[in-house]
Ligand code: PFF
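Take a look at this single chain in structure tokens; it is the form predicted alone.
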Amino acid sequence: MSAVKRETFGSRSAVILTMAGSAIGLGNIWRFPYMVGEHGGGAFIVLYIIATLLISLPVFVAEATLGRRSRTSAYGAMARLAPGKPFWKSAGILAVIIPTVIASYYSVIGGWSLEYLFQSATAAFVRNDPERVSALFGSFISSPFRPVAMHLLFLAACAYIVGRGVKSGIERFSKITIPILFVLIVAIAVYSISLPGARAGVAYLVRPDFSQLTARSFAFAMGQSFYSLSLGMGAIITYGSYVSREENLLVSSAGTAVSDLLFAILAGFAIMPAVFAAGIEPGAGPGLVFQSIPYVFSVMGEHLPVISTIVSVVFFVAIIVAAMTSLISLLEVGVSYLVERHGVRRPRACMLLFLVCGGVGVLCSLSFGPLAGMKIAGLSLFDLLDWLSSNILLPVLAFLVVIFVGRVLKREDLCEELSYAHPGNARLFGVVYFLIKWVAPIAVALLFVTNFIL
């Protein structure tokens, strides 16, 4: 293994903003609103908050601690802290495979966002009939060329930023874009709430109806929290390795989780009131953003064409920025592995990841068009990779991490890592340790089992 000088984030704000950049992504803007719509509105949000604070946050702390303690890539983190135990070295392979798989199809969705930004900027939603706007998504993703081109363009932009390094690329991009992203989503939420008929959407979010919850609701809430916080992807382990020992890891982890929660709820208020104002079914599913929201802009454009165009551009800029920050963290996992394990220069490592993720992503994109008839276990390649990563790979890696940190890593080593330069954290260590050692593994195991039984 080549000796490579390891970069570190420059400040606490940089740590929180960069980790929040990994967490805040399409999982918040694209996935969270339709999950809320499908699983009980405000009641699902209550479960989501509980799952994030009691389960996902301890897992986040475990992953960040593993990264900082090992000071190496996600691949080698467990192997370095448990030398002579080949199982944990093998487990590190998952931490490289998972983000590469997710990046391959995630960049396809990022390409859709890029296309819809172009459509917004050319006032396509304003100039078309609302019903026709809803049908645009299906015709676009089934095209053999343009979705592929958008996917590759989006992936290339993210690979370029990663290629510039931790401080000059990833940290600088996150420090600029994450505050802007919060401003954009607040502006969109304010406008959405002001629409005629939006009050029903607000009520749907703030008045929990627990009768809508089912046995799987908590599993869905926990799964969404995992997906949103980038847990089980190797990204937080990798970013944790760039955190200096003087940084308060508990504060940074809590700040990231709270930022992610806040943004997800803001995204709900940005989208759901507009959905109700337009009379659209809140449980419309994954197409809620790309089919329903353009419909809202089209209806708005009949009376306020200029404002509709501006708001739609702002909305899809927010989606693209969110998608980029998350994809950057996924790519960094593989790049870190290639740089540290094989001595590959960072720009070349980015090119290799671009070729791999780009190639698989092209096939994922074509699975909505020319390759739509090619099924594996009844699923298209896109759906198969999404199902495989969300239901199997993420829970498995998250489970391995909390088992390692809670039972393989020495208790005193974990306490030292969390309390170093911040002795006050020792007072909270007992609670954190209990959550990591007992609560998180049981919850993750139940999530895994629930996905297959209920």
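Please read these numbers as outputs of a predicted model, since none were measured by experiment. The first residue of the shown sequence is 1; numbering continues from there.
Here the subject shifts to the form predicted in complex with the named molecule, a form of this protein not shown in this document.
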query = Though the named molecule is not shown, can you say which of 367, 241, 120, 228 has a heavy atom within 4.5 Å of it in the predicted complex?
reply = 228
message = Under a 4.5 angstroms heavy atom criterion, identify the one residue in 357, 272, 330, 181 near the named molecule in the predicted complex.
response = 330
request  = Counting only non-hydrogen atoms, choose the one of 22 to 30, 66 to 74, 403 to 411, 381 to 389 that falls within 4.5 Å of the named molecule in the predicted complex.
outcome  = 22 to 30
ask   = With a 4.5 Å heavy atom cut-off, would you call residue 353 a contact of the named molecule in the predicted complex?
value = no
inquiry  = How about residue 174 - does it come within 4.5 Å of the named molecule in the predicted complex, if we only consider non-hydrogen atoms?
reply    = no
message = Does any part of residue 326 reach within 4.5 Å of the named molecule in the predicted complex? Heavy atoms only, please.
response = yes
task = Using a 4.5 Å heavy atom cut-off, state whether residue 185 contacts the named molecule in the predicted complex.
result = no
ask   = Within 102 to 125, which residues come within 4.5 Å of the named molecule in the predicted complex, counting heavy atoms only?
value = 106
